[in-house]
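Given next, in structure tokens, is a single chain: the form predicted alone.
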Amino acid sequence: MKNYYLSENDFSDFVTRMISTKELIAPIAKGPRFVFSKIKSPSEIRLDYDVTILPPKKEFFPPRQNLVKFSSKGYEGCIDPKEKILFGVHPYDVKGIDITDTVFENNKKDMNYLANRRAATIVASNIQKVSSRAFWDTVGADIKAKGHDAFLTKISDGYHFQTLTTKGDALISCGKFTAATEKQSSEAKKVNESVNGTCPEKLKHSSKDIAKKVRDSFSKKEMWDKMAQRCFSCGTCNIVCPTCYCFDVQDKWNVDQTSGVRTRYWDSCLTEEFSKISLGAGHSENFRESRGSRYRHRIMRKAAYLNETLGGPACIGCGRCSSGCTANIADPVEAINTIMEVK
């Protein structure tokens, strides 16, 4: 771990040099909102963003990803990782990437994800603006962000840059860095600590207590049905979630009927089709047919089911699901606080 300082005037040159070495992905404005996108000019970067529409996991696990190409002559994998720098990632999204890393590393490794992930350098940055639906300071608050290679903090007269890995160290050659003074490092620490407690939404209980109560509430059918009454089963909450990882796999054949491609797409457990299975002879069965059962499954997955594997909840408190829900029912804070109050 090494601490450096970069002046405000030298920031553009730093970004320009990174662009010249690798593909640079960073937050940019898209209308009134923000997205992670390929950067062509330093002026595009918006480190003062609140939250992006889609999480940065899309750079390693894209919404649509070809897996295998096949023909009458055989098949070949489509893994083709490109080195890139993912720049300006908020700490809660670093946690989301770490969760996805764990999921795709467990048991049989998913190289379609891991190849992209391992080719990336991740530079996290301090939160300059808090999203209106954020609650990251009360969910898994004891879990530290990890897996990133460097951390950039905006301080009064420039930037504090902390490198954490050899990939992070390699970025120093792109900028006019100097060793950070004790005063600059102290200021960076205060800047990052100052956002704690500023999220507008808050969970009222610990992750451990929440996980137990949520599990114990599994059989409360009336409660779940009531909470999901207005759900459109659109799946938006899953699509914008940094820790959802379900996907559907489809084979598409070319006109020659001997060649094609196998592709995976993001999938959503809130849609009715997700849990519908074929029984043959034109028959089917849906093992989560009601909206309440699907809503319950989502909350269970985020608050309880994966806690032992992950060491905490599968939720990072970004608030994307809350802001993306047309029916305004996807907010985990409202759902969990309600569950915790049920006798």
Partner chain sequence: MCDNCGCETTEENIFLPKEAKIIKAVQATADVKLFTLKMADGYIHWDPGQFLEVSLFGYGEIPIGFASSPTRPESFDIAIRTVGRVSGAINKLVAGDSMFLRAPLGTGFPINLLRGQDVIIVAGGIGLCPTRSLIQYIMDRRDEFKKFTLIYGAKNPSQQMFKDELATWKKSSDIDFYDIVDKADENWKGEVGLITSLFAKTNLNPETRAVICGPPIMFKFVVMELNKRGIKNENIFLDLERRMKCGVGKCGHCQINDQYVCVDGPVFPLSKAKQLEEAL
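Positions refer to the first chain, counted from 1. Every value quoted in this text rests on a predicted model; they were computed, and no experiment measured them.
Quick note: we don't show the form predicted in complex with the partner chain, though the next part is all about it.
Annotated contacts: 199, 334 and 336 are all free of the partner chain in the predicted bound form [non-hydrogen atom within 4.5 angstroms]. The partner is absent here, but in the predicted bound form a heavy atom of 106, alone among 229, 72, 106, 156, sits within 4.5 Å of the partner chain.
Taking 205, 167, 212, 262 one by one, only a single residue has any non-hydrogen atom within 4.5 Å of the partner chain in the predicted bound form, and it is 262. The partner chain is not shown here, and in the predicted bound form it never comes within 4.5 Å of any heavy atom of residue 81.
Residue contact with the partner chain in the predicted bound form: residue 67 places a heavy atom within 4.5 Å of it. Heavy atoms of residue 58 never reach within 4.5 Å of the partner chain in the predicted bound form, leaving it off the interface. Under a 4.5 angstroms non-hydrogen atom cutoff, the partner chain in the predicted bound form lacks residue 291 among its neighbouring residues. Of the stretches 88 to 96, 263 to 271, 185 to 193, 129 to 137, only 263 to 271 has residues with a heavy atom within 4.5 Å of the partner chain in the predicted bound form. If you take 115 to 129 and check each residue for a heavy atom within 4.5 Å of the partner chain in the predicted bound form, you get just 118.
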